[in-house]
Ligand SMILES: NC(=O)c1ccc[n+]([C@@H]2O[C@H](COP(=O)([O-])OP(=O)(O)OC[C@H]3O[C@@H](n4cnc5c(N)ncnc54)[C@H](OP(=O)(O)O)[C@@H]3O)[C@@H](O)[C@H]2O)c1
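A single chain comes next, written as structure tokens; it is the form predicted alone.
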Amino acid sequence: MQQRRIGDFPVSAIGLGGMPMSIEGRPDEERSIRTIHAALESGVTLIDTADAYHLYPDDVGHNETLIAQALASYPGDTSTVLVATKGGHKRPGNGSWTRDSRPEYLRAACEASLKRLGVEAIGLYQHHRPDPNVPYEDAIGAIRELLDAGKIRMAGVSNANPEQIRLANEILGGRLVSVQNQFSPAFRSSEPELRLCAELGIAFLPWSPLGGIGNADRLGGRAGAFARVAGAHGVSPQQVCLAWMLAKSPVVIPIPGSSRPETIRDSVRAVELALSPEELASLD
């Protein structure tokens, strides 16, 4: 598969978002494992997760554990797979989300993620979401400490605005390698962050690139241009969406969430889809 880079690490141009396999509507474990294996078989070498991707208060880190199990049971080579996880977001129950960016919490969360993933150092660790109760400098300072200590190999931020991206990169001594923000045809407000990442040479990882859980099937209906271009090429609107994103900048690496083998296989084929300048303009 076509490759892009996160820092100095080469990864597939399309990643796998693990969230749908662990929250509401999660499939059974066997199907989730097959989905991750299908991604690996298709050439995916970037898998995104977080300690907060779980359903119940007592199964924190469910998605991290699932991914570790899938990698361990995969018969092929997984040495080039980059697992990206996050800390600083919590799901205390009943579908609610809270934030905790206290340095002591981030350090403890990283240690717990290390154990669940079964690694000595996390490939990419990302600050999940700014916490209004904790200065951003303190939170990113904790990430810098983890990086300096060798607990994580690379550092990223998520749900950050341009000012926070610049600040994080400064605190990390120019070692910020990724920004993971929401971006899709229906959610375009992260375009300033995308442009900044392209300027700085930082990977931009759109989360929910197809519109979020339960919305991917409606992409064509919501955005008629995507359905028209898909019809012209004989592919799915989802493939067109991902190809459109990839054409925006070499730093873009979409991470569509998937819980079925067939959907991640379809997403991966977007790297083979070449869209004309006229088609890209119509999609924009």
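Predicted model only: the values in this text are computed from it and were never measured. Quick note: we count residues from 1 along the sequence shown, nothing fancier.
Just so you know, the form predicted in complex with the named molecule exists too; it's not on screen, but the next bit is about it.
**Student:** Report the stretch among 37-45, 54-62, 250-258, 227-235 that approaches the named molecule in the predicted complex to within 4.5 Å, counting heavy atoms only.
**Tutor:** Single hit among the candidates: 250-258.
**Student:** Using a 4.5 Å heavy atom cut-off, state whether A13 contacts the named molecule in the predicted complex.
**Tutor:** Because no heavy atom of A13 falls inside 4.5 Å of the named molecule in the predicted complex, the answer is no.
**Student:** Find out whether any non-hydrogen atom of Q180 is located within 4.5 angstroms of the named molecule in the predicted complex, and reply yes or no.
**Tutor:** Yes - in the predicted complex, heavy atoms of Q180 and the named molecule come within 4.5 Å of each other.
**Student:** A155 versus the named molecule, in the predicted complex: is there a non-hydrogen atom within 4.5 Å?
**Tutor:** Outside the cut-off, so no.
**Student:** Taking any heavy atom pair closer than or equal to 4.5 Å as contact, tell me whether S208 reaches the named molecule in the predicted complex.
**Tutor:** Heavy-atom contact with the named molecule at 4.5 Å: present for S208.
**Student:** Note which of P103, G123, G212, P130 lies within 4.5 Å of the named molecule in the predicted complex, where distance is taken over heavy atoms; exactly one does.
**Tutor:** For this set of options, the contacting one is G212.
**Student:** Using the arrangement in the predicted complex, list in sequence order the residues of 64-99 with any heavy atom within 4.5 angstroms of the named molecule.
**Tutor:** Contacting residue: only K86.
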